[in-house]
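Shown here is one chain on its own, the form predicted on its own, set out as structure tokens.
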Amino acid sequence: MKKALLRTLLASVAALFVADAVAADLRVGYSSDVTTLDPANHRSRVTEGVILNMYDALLARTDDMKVVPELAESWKQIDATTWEFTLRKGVKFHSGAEMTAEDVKYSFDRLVKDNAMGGQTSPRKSLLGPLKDTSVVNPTTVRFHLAEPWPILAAYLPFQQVVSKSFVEKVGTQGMATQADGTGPFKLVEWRRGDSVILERFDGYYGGSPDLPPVGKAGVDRVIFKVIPESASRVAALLAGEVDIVDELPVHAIKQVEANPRTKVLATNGTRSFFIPMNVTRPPFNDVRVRQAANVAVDRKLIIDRVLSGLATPLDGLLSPESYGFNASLPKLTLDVDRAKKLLAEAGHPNGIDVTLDVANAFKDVAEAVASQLTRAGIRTKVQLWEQTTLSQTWAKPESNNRDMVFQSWGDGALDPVGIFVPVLKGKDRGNYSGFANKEVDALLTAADTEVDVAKRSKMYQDAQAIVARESPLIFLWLPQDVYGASARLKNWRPSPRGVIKLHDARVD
């Protein structure tokens, strides 16, 4: 009898432990798979979202975008081109090895030195501006040496994670794509390509930034990023309790998620501007009057209210209103169909024009709403759907693609013009899909790169925005909120304005 009672008691205790283990798994329905697990070999925010759970950086950002210490304990600027960082002591990699200044130097050499990744140069090199070298002062101190002044170095360090020198030398660049040895709150269990990334809590975690409480080990035992590309399937998984968080929650599903007592909607101000580059290298958009007509033909507020459920801010330029250097004096872009038609007539198109708007499949609905409004004003617009990778490749050289315009967005996690205004609007830069090139704008952007006077640098960006507003190479649209669906059992997690899902603080009931 006693043995039977004991067996029953043990079974009950075991059941409790199993239930607790299940409850300590946090599952994320992710809209796409990661491209790599190597922090130095991607330019993908989706990929970064997973990597940030395994790797920490010298500096971090709070939810209000303030830069704070993380792996670094403190930092200072010695002169215009030299920055010094004191490292936190006792930080361990998942392998158990202690992080030192040698690891930091190796990580940044790998990011900025040509051919440092097994003969490949890191695609993230440009995110570190004029950083040319990193030197070790002692085991807990490193110095960054810039080729020229770059006042926003600290703002860009939260995007660059520290790797283990010995681990990279052991597995090589190819091995880094599928293996990990970070200093973050979770360590890699397995990446099942196309299906999921499985992480488990790292019990040797140093705790994270003191400025990002709670400090300590992760609040869940295991995290599973489940790849669910189809929006309806992600929503269904959330409603069924199969996942605890879904990204890219479709606007049309918001009411359904809110109505379910087991789920909730979480939103935050985003840092990704939406806009439409017009190909200024060929007719009809080589005429500024046609471009200006397109900008007053779109009722941004109507689309935001009816298609985006009010979860966006209309833009009169490219930058977020929260960005450094934002020009609040730009002309307000309001719907004016009569003026649009008049401008078209002045440009020699009294009967309107016929154009095609290229768009990735995911943004079909909003692109069609914009096309409808352009058509009403005489810019008759046909929407053509593309796969995203092919679309990006096609628009990489607008001067030779024979296309009209493209629906585009660009993230600016640092909320500084160098992260969005420069690549999108500087002549021949990597995100310049419009083909726009203006000598005065280019000169202002080049000068701002090294200007250390905060007010002067801001004025340069504001002047550049005024020129771009007049030249109108883009149809400026909106800055949407990032919207997530979440389980009611999820606690202590809010979406980040950076657009990444970092889960150190998260808890589940």
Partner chain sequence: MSSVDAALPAARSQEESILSGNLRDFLANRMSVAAAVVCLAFCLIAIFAPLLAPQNPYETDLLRRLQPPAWMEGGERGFWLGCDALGRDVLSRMIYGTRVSIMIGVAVVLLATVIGTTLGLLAGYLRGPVDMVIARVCDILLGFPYLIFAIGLMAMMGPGLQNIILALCYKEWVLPCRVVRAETLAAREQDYVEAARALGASRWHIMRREILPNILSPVIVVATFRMAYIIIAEASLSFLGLGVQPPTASWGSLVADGRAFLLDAWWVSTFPGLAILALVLAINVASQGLRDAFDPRLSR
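For the two forms, the rigid core is made up of the largest set of C-alpha atoms that agree within 1.5 Å on superposition. Numbering follows the first chain given and starts at 1. Everything numeric in this text was worked out from a predicted model, so none of it was measured.
Just so you know, the form predicted together with its partner chain exists too; it's not on screen, but the next bit is about it.
Taking the partner from the other structure, its partner chain in the predicted complex has no heavy atom within 4.5 Å of any heavy atom of Ser95. The closest non-hydrogen atom of Trp386 lies within 4.5 Å of its partner chain in the predicted complex. Under a 4.5 angstroms non-hydrogen atom cutoff, its partner chain in the predicted complex lacks Asn327 among its neighbouring residues.
Although the partner is absent from this view, Arg376 contacts its partner chain in the predicted complex, with a non-hydrogen atom inside 4.5 angstroms. For the candidate spot formed by His252, Val307 and Asn361, every residue has a non-hydrogen atom within 4.5 angstroms of its partner chain in the predicted complex. With its partner chain left out of view, the stretch that reaches within 4.5 Å of it through heavy atoms in the predicted complex is, among 77-85, 363-371, 213-221, 330-338, 363-371. Of the residues Ala147, Leu302, Val137, Ala259, just one reaches its partner chain in the predicted complex with a heavy atom at 4.5 Å or closer; this is Leu302. Checking Ala437, Leu239, Ala347, Leu311 for any heavy atom within 4.5 Å of its partner chain in the predicted complex turns up a single hit: Leu239. Annotation for Leu385: C-alpha shift of 2 angstroms or more between the shown form and the other one, rigid core superposed.
The Cα position of Arg300 differs by 2 Å or more between the shown form and the other one after fitting on the rigid core.
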